[in-house]
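First, one chain by itself in C-alpha cells, the form predicted on its own.
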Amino acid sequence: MGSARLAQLNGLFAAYKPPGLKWKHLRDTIELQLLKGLNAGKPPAPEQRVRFLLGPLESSEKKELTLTATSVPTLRKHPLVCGPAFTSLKVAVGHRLDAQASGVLVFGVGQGRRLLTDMYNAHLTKDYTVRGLLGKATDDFCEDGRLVEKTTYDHVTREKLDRILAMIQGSHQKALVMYSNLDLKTQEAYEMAVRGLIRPMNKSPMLITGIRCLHFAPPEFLLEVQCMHETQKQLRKLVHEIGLELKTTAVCTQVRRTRDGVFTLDDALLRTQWDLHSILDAIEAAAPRVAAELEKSLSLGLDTQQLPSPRWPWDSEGLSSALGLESDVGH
C-alpha cells in the first residue's frame, strides 16, 4: 500500500507558509507528515514458513515428545523488527519566502523536483500584497527594525501615491521589454505583448509587471505587486523608496505572496492539510494546469533568439532607485 502511494507522489503542490516560520521548518514538517502517511498503511501479511516444533503426542498416554511440522509467520520483515518501511523522502522547495513573509510556497516531490527547474526557466510572475506604514524609517525596512527616522505624512494623498506607482510600472515595463530580447517591430512581439507573455529570457533584476494601490488610509496603505525575480527584502525596500518619493518615510509591515505561477491561495494547503491524502489530491488537481503553463511558457524560448544581455536602461539616481531595479536577482 505504501509503495503504491509513493509512486503517486510525483508532482507539484503548494502550502501556505505562515509568518514567523522558516521555509526549512515547513519543508521538514511536510516530509515528516508524508513519511507518517506512507508508514501508516496496514503492513502486508507476514510470510509463512514450516518449522518442526517439539511437542507431546496427542494419542499417547505417556508424555512422549515428537517433532511436528507447523506453519509459523516470519517476523524478519515486521515493522517492530526492521523499523518503518520508509525512512527518508526528499521534498524540494520552489521560490522561497523568508521568515517574516507569508503566503503560497510551492513544493516538488518525486519527478516534481525537475518541474521546479522548469518553472524557474519559465520566468513566471508572482503576486504579492504588501502593506506599508507612513511616517517612520527603520534600518531593515521592517516595522520592528531599529528606528532611524520619524516624519510627517499629512501631505501624502492617494493621487500622489498612484502617480508614483504608475511611474514605477512604466519604467519596469520598459526594462522587461529590453530583457525579453524581442524586436518590438515584429508581429511576434506584438502578439506576445497582447497575451501578456513578454518575459526575460535570462537573468535580470527584479521586474515589476504590475503595481497598484488596493487600500489607502494614512498612515497605512496596501499595495498589490505583480513581479518576477524578486526577493521579499527588495519588496520591503520598494516600500521604503516609495516613501522617499512621497517626501516622507515608510516601512513595510507585511509581505504576503498570493500567487506563484499557476498556484494561488486557493491551492495552498493549510497546516491542518499537511498530510499524505491532501497532498496527493493537491498534486493530482494541479498537474494539468502545471503542464499547460509550462508548455506555453517554455515554448517562447524556442522562438526567441538569444541575444547578449542589454545595457542597463537607467543610469541616474533618484526615482530609478525607488523602482527597485537592482543588480541582484531574487529567486
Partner chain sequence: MALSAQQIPRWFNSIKLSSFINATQLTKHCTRRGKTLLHGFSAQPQMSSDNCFLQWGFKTYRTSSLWNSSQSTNLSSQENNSAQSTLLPSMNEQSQKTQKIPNFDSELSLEGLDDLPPLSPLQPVSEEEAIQIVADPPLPLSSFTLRHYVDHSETLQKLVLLGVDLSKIEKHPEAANLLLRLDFEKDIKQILLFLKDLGIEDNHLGTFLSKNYAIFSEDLEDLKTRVAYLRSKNFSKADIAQMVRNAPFLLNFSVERLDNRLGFFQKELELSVKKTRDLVVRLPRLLTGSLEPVKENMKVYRLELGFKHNEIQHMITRIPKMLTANKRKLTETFDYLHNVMNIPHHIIVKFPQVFNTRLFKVKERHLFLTYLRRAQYDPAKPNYIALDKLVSIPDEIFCEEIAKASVQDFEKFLKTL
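On a predicted model such as this, the values are computed, not experimentally measured, just so you know. Whichever C-alpha set is largest while still superposing within 1.5 Å between the two forms counts as the rigid core. Positions refer to the first chain, counted from 1.
Heads up, the form predicted together with its partner chain isn't pictured, but that's what we're talking about next.
Next item on the list: From the candidate stretches 230 to 238, 172 to 180, 143 to 151, 251 to 259, select the single one in contact with its partner chain in the predicted complex, where contact means a heavy atom within 4.5 Å.
Entry: In the other structure, the partner sits against 251 to 259.
Next item on the list: Spell out, yes or no, whether the shortest heavy atom distance between Gln33 and its partner chain in the predicted complex is within 4.5 Å.
Entry: Judged by the heavy-atom cut-off of 4.5 Å, Gln33 is well away from its partner chain in the predicted complex.
With the partner left out here, check for me: in the predicted complex, does some heavy atom of Arg76 sit within 4.5 Å of its partner chain?
Yes, contact at 4.5 Å.
Item to complete: Flag Leu80 as yes or no: does it have a non-hydrogen atom within 4.5 angstroms of any non-hydrogen atom of its partner chain in the predicted complex?
Response: Leu80: contacts its partner chain in the predicted complex.
Worksheet item: Is Leu270 close enough to its partner chain in the predicted complex to count, meaning some heavy atom within 4.5 Å?
Response: Flag for Leu270 set to yes.
For 88 to 117: residues with a non-hydrogen atom within 4.5 angstroms of its partner chain in the predicted complex?
-> Heavy-atom contacts within 4.5 Å come from Ser102 alone.
Is it true that Thr272 shifts between the shown form and the other one by 2 Å or more at the Cα, once the core is aligned? No, Thr272 moves less than 2 Å.
> Cα of Lys36 displaced 2 Å or more between the shown form and the other one, core superposed?
Replying inline: Superposed on the core, Lys36 moves its C-alpha less than 2 Å between the shown form and the other one.
On a rigid core superposition, would Arg289 pass a 2 Å threshold for CA movement between the shown form and the other one?
No, shifts by less than 2 Å.
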